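Presented below, as structure tokens, is a lone chain in the form predicted alone.
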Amino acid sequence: MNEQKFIAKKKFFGKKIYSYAWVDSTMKIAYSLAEEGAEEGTVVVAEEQSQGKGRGNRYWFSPVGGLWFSIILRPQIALPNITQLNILGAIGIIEAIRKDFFLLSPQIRWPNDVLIRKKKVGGVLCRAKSMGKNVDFIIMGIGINLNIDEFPSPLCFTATSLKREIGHYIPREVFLSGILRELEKLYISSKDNFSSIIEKARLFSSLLGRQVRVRMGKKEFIGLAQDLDERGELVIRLENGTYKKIDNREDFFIR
């Protein structure tokens, strides 16, 4: 496993980047670096992952052709609020796509997936180390289907790539630089005003205004996805007229 270090022109996101051809998981490497004291904004990126994970510990297809990276964050936030960073990460992906490919219309499938034409193109997963109620650090893992041509079944029916959508190859380093820039701007602004992130999440939501079916363990309910609250929880109006909030720390499935 060859490691490279290089400096990117950022304020702090990507000021130091560890780049690998192959890893089991960029999140694992970033977690170890954070425990060793690596500074906030340090990035671990790989051309390929063998043990990429999504929400609920689900396997994430991470072959050559994608963009797989993790960022070390050291925010001063309460532990229950760390899942807000899933939403922030998804907005960052969308902003980067819209800036470079303005004809595309990416959306968020709450809380952490990014869709184009109802197919998944990227996602976010945050993992924290806490000291009691205090957050020591957070690893934000991001996966983007950048230049992937083929997906195995059943992903071929539910996933897409940016290359597929725009019809040509996208330089990996260029897109990484762009998304780090967008994530850094959002992260800095969110410290003073997270409500602006929630407004963007509402704007780009694929769920709001739709009837949804939610499964949580053995329980299932149907209702209208009505809003996101100030913490980023999904507010659903059930068929009986009552309201239920979905905490994105829980394991659930929405369709």
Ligand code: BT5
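From 1 onward, residues are counted along the sequence shown. Quick caveat: nothing in here was measured; it's all calculated off a predicted structure.
There is another form of the same protein, the form predicted together with this ligand; it is not shown, and what comes next is about it.
Scanning Gly41, Gly223, Gly65, Gly54 against this ligand in the predicted bound form with a 4.5 Å heavy atom cut-off leaves one residue, Gly54.
With the partner omitted here, the residue from Ala159, Ile72, Ile170, Ile82 that has a non-hydrogen atom within 4.5 angstroms of this ligand in the predicted bound form is Ala159. From the list 179-187, 98-106, 162-170, 122-130, the contact stretch for this ligand in the predicted bound form under a 4.5 Å heavy atom rule is 122-130. At a distance threshold of 4.5 angstroms between non-hydrogen atoms, Gly143 is in contact with this ligand in the predicted bound form. Contact check for Ala34: every heavy atom lies farther than 4.5 Å from this ligand in the predicted bound form. Although the partner is absent here, Lys191 is not a contact residue: none of its heavy atoms lies within 4.5 angstroms of this ligand in the predicted bound form.
Ser19 falls outside the set of residues with a heavy atom inside 4.5 Å of this ligand in the predicted bound form.
Heavy atoms closer than or equal to 4.5 Å to this ligand in the predicted bound form belong, across 16-32, to the residues Ser25, Thr26, Met27, ordered by sequence position.
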